[in-house]
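To begin, one chain is listed below as structure tokens, in the form predicted alone.
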């Protein structure tokens, strides 16, 4: 059980004795205002508290789940929000600290190197500076951008056009100041054997609008820096201007390879704030949808990773079963890729008659296809030589950069939120957690192959356990009226109109809802001040954290190995460019 009351009381007692009145406030889940304990600390003690909570026995919050901010429009103006997770104790906690306009917070990059990009995003979106940060510059927006888009006083339609692209910055590739370089000259520092190469933005091997600027010595990557933001679509800003119901459609376009997982995780986040539960049939359908989506996502990942390395036919073996999976999804909601299927408190439609039988048949056929794909590639000598020992990211580096999901499990980190932080009915399902050892391209491939088999096991069990029943909760505040009511009664029409146009009220509170998505920890951190629109809509996409680690992963490798490593961590640009 997460954050057992006794464990938390022990931690608070220790924090009180260590930090005294520098702990400004403690909020417990029993208050109804938060889902996990929240500790508010004075700004001057923020760095010390974070370091203490990571290393102190009994705490050991070694994993930085997320780092973001909220604009309170008061004094202090901003709240910094750190979501921490302890793998050892299986508990979560949030740390907050108030930061006023013009003040700087201490960087957490020396505690968690993965805080680098998160702090850059906070600076980009809110204008909060972090003292001691090695490379504090914009990350999503063009460096010439004026203003900080997630501030509450920033207009959503404030467009700024630039007639030229940002040039390559050789200063970021110098060794005299590793990882930094926002100042200093960008003079030519290369000898005849060295050159700068752009990998991306539009190269097919980058799997999206991603850019790797690499300094090469022959074909060896000596140093690189990474860029994204080319498809930035302001989803978090939209989440703070659209109603909770209207925002469902925007969740599809995060990881568009597994849209139903995004739909489900978001719906559970809002339901947690409302204190409502979807009925059992809706939950079982959600679980089936999530596991089908996981199989689809993994088929795309391992298939395209193989295509990148020359094994084109491998991708075609799983093509038909993936299309059959989309047909199963289409039978639920009429869409194949961007689904918008879940609703807060239920589902758009019930599954049609015979759908569970079709799901079991698909799972049986797909299992055979996965076995055939395994025989085709796993023992192939060329494949093994191209993937074993390539793009190694060991357990320690995965923890430093907040890796999760298959990428972390490939390094031997035995964490899966479906088992360790169970939601829906996963505790009633039998499945195993595949693990790797080396954290290389091959292990990431092998873990995903095995995870597809486990997902198919889950799908079959869910299809056998599902029973008939409603797919909506009985809460009339959030339940959309049936078509006959909306079309045949004045009350039903008014209710329908109200939900779609003005939304429903969500009480004040905050929740960080996580789910084991296909690529790792997907989280929605929602802060409500009451009303139909979120005060803060934060999306924690795993690709953001995984892409950050690529620079360390590919250093010293050949260009061809860069393609292999990037494909193996399965970066989805839509999930980064929120």
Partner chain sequence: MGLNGEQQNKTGQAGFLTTRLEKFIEWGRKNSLWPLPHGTSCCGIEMMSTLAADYDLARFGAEAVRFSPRQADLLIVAGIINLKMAPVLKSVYEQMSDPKWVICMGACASSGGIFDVYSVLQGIDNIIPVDVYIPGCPPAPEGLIHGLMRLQDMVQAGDTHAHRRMRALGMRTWG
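Positions refer to the first chain, counted from 1. Not measured: the values here are computed from a predicted model.
Beyond the structure shown, there is the form predicted together with its partner chain, which is absent from this document and is the topic of what follows.
The three marked residues, 38, 93 and 170, fail to reach its partner chain in the model of the complex, with no heavy atom of any inside 4.5 Å. Only one of 263 to 271, 433 to 441, 459 to 467, 312 to 320 lies within 4.5 Å of its partner chain in the model of the complex by heavy atoms, and it is 312 to 320. Comment: its partner chain is not present in this chain, but in the model of the complex one of 449, 238, 199, 417 has a heavy atom within 4.5 Å of it, namely 238. Taking a 4.5 Å heavy atom cutoff to its partner chain in the model of the complex, the contact residue among 276, 140, 424, 480 is 140.
Taking the partner from elsewhere, residue 326 is found to have a heavy atom lying within 4.5 Å of its partner chain in the model of the complex. Not displayed here, its partner chain is kept clear of residue 85 by more than 4.5 Å at the level of heavy atoms in the model of the complex. Not displayed here, its partner chain is approached by residue 208 to within 4.5 Å at the level of heavy atoms in the model of the complex. Interface membership of residue 153, defined by any non-hydrogen atom within 4.5 Å of its partner chain in the model of the complex, is ruled out. Contact annotation for 227 to 259: residues with any non-hydrogen atom within 4.5 angstroms of its partner chain in the model of the complex are 228, 229, 230, 231, 232, 233, 234, 235, 237, 238, 249, 250, 253, 256, 257, listed in sequence order.
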